[in-house]
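A single chain comes next, written as structure tokens; it is the form predicted alone.
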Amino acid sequence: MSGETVLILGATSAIAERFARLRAADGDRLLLVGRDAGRLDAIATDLKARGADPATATLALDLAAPAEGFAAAFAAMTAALGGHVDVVLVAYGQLGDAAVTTADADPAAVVDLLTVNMTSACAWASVAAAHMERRGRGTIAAIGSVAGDRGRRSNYVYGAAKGGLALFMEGLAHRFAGTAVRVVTVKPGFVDTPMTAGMAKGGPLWATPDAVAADIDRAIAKGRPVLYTPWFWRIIMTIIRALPRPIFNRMKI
């Protein structure tokens, strides 16, 4: 995998930054995309010190609504990486707040949360798929969530967005089955990152960004279509999905 070109959308997220460090150690050429130009530049400088290709670069962009459109923006990113992309990681997202799931939730806030977490992410995966289909190879990975496996009262808008993204990625994987284009859906559980700053943390269910990033790196290398990280979330979510609705409805989750 050494010397690949890697596009990271949402590169300032904790998980994405740790993933980028792993790819830097392989000497990869990275393009880091996000909204905070200063933070992106600082990360790029650090990655080059860790072994990333000197051509590693940054691009400040609103990923949920690129002004030039998704296809044109992706074409510019491809050009910045030398004309081709080996790996795309869609790593941005927004958890939202409890008000989005109340009876008087602002519909605009609901739409914004769905746009950030699902529709824009699907659009990036789609344009990446078109590029890789032309090349005949490559990997598209997107970070979803175990929250997308079953709708829960506490975060069903976020969960619906991540569930929709997972279904889109599943269809994309089916489309490319038997080819050299790989599609990886990542489903983390609780991860200690700034996005979860408002949640009580600690205990065996919580993972570090480093551990999740390492799992993602291995899943991409192996072309695993679905990654639950840490691994035990696959078991937990299998149980939760199997619960009869009367029992599930009594749970305060």
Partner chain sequence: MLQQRTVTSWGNVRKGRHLTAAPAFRDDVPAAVAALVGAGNGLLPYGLGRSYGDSCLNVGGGLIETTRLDRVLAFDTEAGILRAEAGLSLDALHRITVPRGWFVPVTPGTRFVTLGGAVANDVHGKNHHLAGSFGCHVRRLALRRSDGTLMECGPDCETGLFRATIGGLGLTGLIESVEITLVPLASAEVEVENIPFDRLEAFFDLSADSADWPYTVAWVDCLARPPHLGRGIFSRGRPAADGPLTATPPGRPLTMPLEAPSGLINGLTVRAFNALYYRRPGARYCGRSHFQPFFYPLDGILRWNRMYGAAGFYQYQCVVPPDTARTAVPRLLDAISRAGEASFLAVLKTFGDVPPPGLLSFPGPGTTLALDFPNRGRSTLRLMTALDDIVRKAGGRLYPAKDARMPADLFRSGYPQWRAFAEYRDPAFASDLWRRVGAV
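All values derive from a computational prediction rather than experimental measurement. Residue numbers count along the first chain shown, from 1.
Below, we refer to the form predicted in complex with the partner chain, which is not included among the displayed structures.
Contact check at 4.5 Å (heavy atoms) against the partner chain in the model of the complex: all three of Arg39, Thr193 and Ala200 pass.
Contact check for Arg21: a non-hydrogen atom falls within 4.5 Å of the partner chain in the model of the complex. A residue is said to contact a partner when one of its heavy atoms sits within 4.5 Å of a partner heavy atom; Arg50 meets this definition for the partner chain in the model of the complex.
Taking non-hydrogen atoms only, Leu227 never approaches the partner chain to within 4.5 angstroms in the model of the complex.
Proximity of Ile43 to the partner chain in the model of the complex falls within the 4.5 Å heavy atom cutoff. Stretch 50-58 is the contacting one of 63-71, 181-189, 50-58, 219-227, since its residues have non-hydrogen atoms within 4.5 Å of the partner chain in the model of the complex.
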